[in-house]
Ligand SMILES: Nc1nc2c(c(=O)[nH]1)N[C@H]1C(S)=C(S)[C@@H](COP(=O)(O)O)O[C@H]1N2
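Next comes just one chain, in structure tokens: the form predicted on its own.
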Amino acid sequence: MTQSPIDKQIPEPLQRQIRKAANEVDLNHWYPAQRGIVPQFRLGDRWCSILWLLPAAFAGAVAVFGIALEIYDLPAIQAFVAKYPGCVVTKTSYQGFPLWLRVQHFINLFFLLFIMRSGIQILADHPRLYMDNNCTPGREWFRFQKAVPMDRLWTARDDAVTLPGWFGIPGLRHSIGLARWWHFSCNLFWLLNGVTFYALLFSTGQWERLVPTTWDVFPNALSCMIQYASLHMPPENGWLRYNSLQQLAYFTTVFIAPPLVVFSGIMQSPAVSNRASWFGKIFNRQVARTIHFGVLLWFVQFIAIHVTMVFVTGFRRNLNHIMVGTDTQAWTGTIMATVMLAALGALWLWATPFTLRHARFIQRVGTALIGPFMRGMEIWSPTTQFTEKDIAPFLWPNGKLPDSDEFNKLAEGDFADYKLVVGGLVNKPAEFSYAELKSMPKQDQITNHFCIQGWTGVAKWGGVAMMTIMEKVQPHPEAKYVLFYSFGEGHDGGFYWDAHSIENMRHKTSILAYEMNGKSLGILHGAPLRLRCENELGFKLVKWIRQIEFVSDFKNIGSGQGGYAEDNEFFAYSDPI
């Protein structure tokens, strides 16, 4: 091994070549638009458009209404409705809707709508849902992208689709970095609002409106369904209590859906899943994504039915209930609701153009709000290991393949002349040849890869531990971050790079991999070396590593965000979820 003298630092030309990125989204240099397809779901080996659900739903509704109308007058049904009129009458300690509930109702609606909107944008980056942890093309159960072409290279970024700007945030293809800031930031405030709501709900009598206290709620809910389906409205007095069907729907929406969506969101984190052992394998990321999507559908249908019933059962009175806190037929609540919904609509339309013009601001606000939680999750050392039978038959490729003369020459020689340069704030800057790296103690691990776009896949990685490299170069005490420079380029030119905390590099599973699934690492997946750091998302696991540099900070490098994707695509520097 050839080492530089201790008093001679390896030059840092790569750091000086990093240029600052724009603080806004430059549409002329972004990913070209790519439309998806009408969403499809798989039945066996057959793909069906969701458009087929429309006539099926219509036919089902007609059948239900027809049957309900025919049976409603039967003596048995009349007796059932008489016994269970649709509402469990109990003594209550509440009346009407207090100010705190009315305010939180609107706050919840605001954040929930933007959570759903940004969530759909995140889904558009990998527009496929699976039940299997290994995201093998053709094994998804839902998609709104065409089948993966097998006659050419098709990366995960190629798979991302564009959404209309009024629908997604910000709608652009592969704008997941900005969508995640919206999603996580709104989630934070939604959760804070929810915790406050729970506290006030159970410190007042309002919980009795939502929580069933007798099993009679179920036959009464069935009675409501029969009455609605036969066009006979059950007793309605929302000012005092909900009918049993409403109560079950609200209970599910308030007490089941939110914890489920939070749980399924957390289980999509590599830091959590790769620490959770068997539990993370059962509730793997793809199961979690499916559950997350299912809760999204629940919220969408709940809002649609809820709004419909507000109008069907007397919109003026209902809007006065929730807007003004009175039980009257005045127009005050309608006017207030119209103004507030108009304001919400204006914010909805404003969100995308503001995000495009002030992308760096969105990133900085998100970092201030969510960054501490993300950095805190990095302390967990990933420990979950898989077996060889868990290895994915297909691991999605990603990134722009290197195409420089230097890299092509090294590849032609099977990287025999490759040297890994390690410098910066170290006592012993060094150059390690490919052969020297392979002669160091080898570490094998079978771990799950988490891409920021949503896909996962298990692979067996072999390489040298970063701790071994650090023992050889001896970082200075002031070295807090490790920069990895790639032969590969980013989407808008310039070489790819990323920063990691030095603590993250001390985790047992942080390695420089030169093998994948028992074979030499292929160029498609990062040869000659790629980083594995199993508590972070895949964009931080730099492929085609060219140099490593230890630094005290990265604030003055590029745009100061900690990497190419962070600078140019507004990703988070610390991204363990």
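Start at 1 with the first residue shown and count on from there. Everything quoted here is computed from the prediction, not taken from an experiment.
Same protein, other form: the form predicted in complex with this ligand, not shown, and the subject of what follows.
Novice: To test your reading of this chain, name the stretch in 357-365, 84-92, 105-113, 392-400 whose heavy atoms come within 4.5 Å of this ligand in the predicted complex.
Specialist: Selected range: 392-400.
Novice: With this ligand left out of view, choose which of I67, C48, L524, A33 has a non-hydrogen atom within 4.5 angstroms of it in the predicted complex.
Specialist: None of the other options qualify; the answer is L524.
Novice: Which of R289, H449, R143, R180 has a heavy atom within 4.5 Å of this ligand in the predicted complex?
Specialist: For this set of options, the contacting one is H449.
Novice: Evaluate V551 for contact with this ligand in the predicted complex, applying a 4.5 angstroms cut-off between non-hydrogen atoms, and reply yes or no.
Specialist: So V551 does not count as contacting this ligand.
Novice: So in the predicted complex, does S486 come within 4.5 Å of this ligand, heavy atom to heavy atom?
Specialist: Taking the distances in the predicted complex, the answer for S486 is yes, it comes within 4.5 Å of this ligand.
Novice: Would you check, heavy atoms only and a 4.5 Å threshold, whether R173 touches this ligand in the predicted complex?
Specialist: Output for R173 is no: heavy atoms all beyond 4.5 Å of this ligand.
Novice: Report whether the minimum heavy atom distance between Y514 and this ligand in the predicted complex is within 4.5 Å.
Specialist: No.
Novice: For 532-558: residues with a non-hydrogen atom within 4.5 angstroms of this ligand in the predicted complex?
Specialist: Stretch hits, in order: G538, F539, L541, V542, K543, W544.
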